[in-house]
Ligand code: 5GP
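This document opens with one chain alone, in structure tokens, the form predicted on its own.
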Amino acid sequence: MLSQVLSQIEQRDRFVLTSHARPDGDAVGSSLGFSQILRSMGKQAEVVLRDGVPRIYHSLPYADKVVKAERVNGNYQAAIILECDSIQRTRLQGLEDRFLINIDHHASARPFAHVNWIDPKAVATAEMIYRLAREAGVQISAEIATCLYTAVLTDTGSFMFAGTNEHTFELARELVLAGADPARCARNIYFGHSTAKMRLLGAALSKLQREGPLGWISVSQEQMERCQAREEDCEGLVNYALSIHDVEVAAFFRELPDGRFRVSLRSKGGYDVAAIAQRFGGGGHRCASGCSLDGPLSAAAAAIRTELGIENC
């Protein structure tokens, strides 16, 4: 499929790149890195994201060039959609009638585009983008390496998630040799949080609950408003529940304005949370996934417990 993607790229000159709404590090880093690769190939490329670039990724090269919009407008010859299982997940209008190229590494990925390159063995979509660049003969600049390294770092949970292996570190090494600064990339991500996020974390941890191997936390819409927090401030909060030594799976419930709950799921490897998320219309990785559930909170939490086979303690 890589050869098909390259063939379609060679036949075209103008591209728009996008990924899922509420983009994470792999979505942002892969989009930015790929856009630079395309420009190195003599193509025109623009990144459009429905929710823009989260604060902790603002320092990535060309992050300030990303277009935050609800619709894709422009005379693009193809749209490249990264780590999405449908165009609906982008929450962007204007993609329906375009030539679509789908690149994804999730186990829950689906072939919805004209050309689909899906590789669940890749630790991040960024790994696939790196392979594409090498196959196309594109030199990996320090800027491209920084974007792709950040994507790999975040999507592997700082090299902690299952699936991280010797090839992951070979990829990281090659990106560092190409100019990525590991310490700087990590500082920007893990020491770049807002005051609002720290206040929201306190509110979430005050509601920490334990039920057997499950640890879960939540925040209400009222707490979001009181902390003056944004959607991106919820990113990563679930990991604090997972960090407890005998917790094997963690959940974070974020109340939405309509009363539903967005659920982030994390596992240390013993539970396949991607399979659980898929049952509720979501998806992701074995150790990191998400979905949405109807409220109230008690019902949403009960649904997750049931899927995990955990009795209410």
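All values derive from a computational prediction rather than experimental measurement. In this text, residue numbers run from 1 along the sequence as written.
Note that the form predicted together with the named molecule isn't included here; everything after this is about it.
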83, 262 and 284 each touching the named molecule in the predicted complex (heavy atom, 4.5 Å):
yes
Of these, 32 to 40, 242 to 250, 53 to 61, 275 to 283, which stretch puts a heavy atom within 4.5 angstroms of the named molecule in the predicted complex?
275 to 283
Heavy atom within 4.5 Å of the named molecule in the predicted complex - the one residue of 77, 108, 168, 141 that qualifies:
108
Check residue 290 for me: does it contact the named molecule in the predicted complex (non-hydrogen atoms, 4.5 angstroms)?
yes
Any non-hydrogen atom of residue 305 within 4.5 angstroms of the named molecule in the predicted complex:
no
4.5 Å heavy atom contact, residue 199 and the named molecule in the predicted complex:
no
Is residue 193 close enough to touch the named molecule in the predicted complex, meaning at least one heavy atom pair within 4.5 Å?
no
Looking in the predicted complex, the residues of 12 to 26 with a heavy atom no more than 4.5 Å from the named molecule, listed in order, are 20, 22, 24
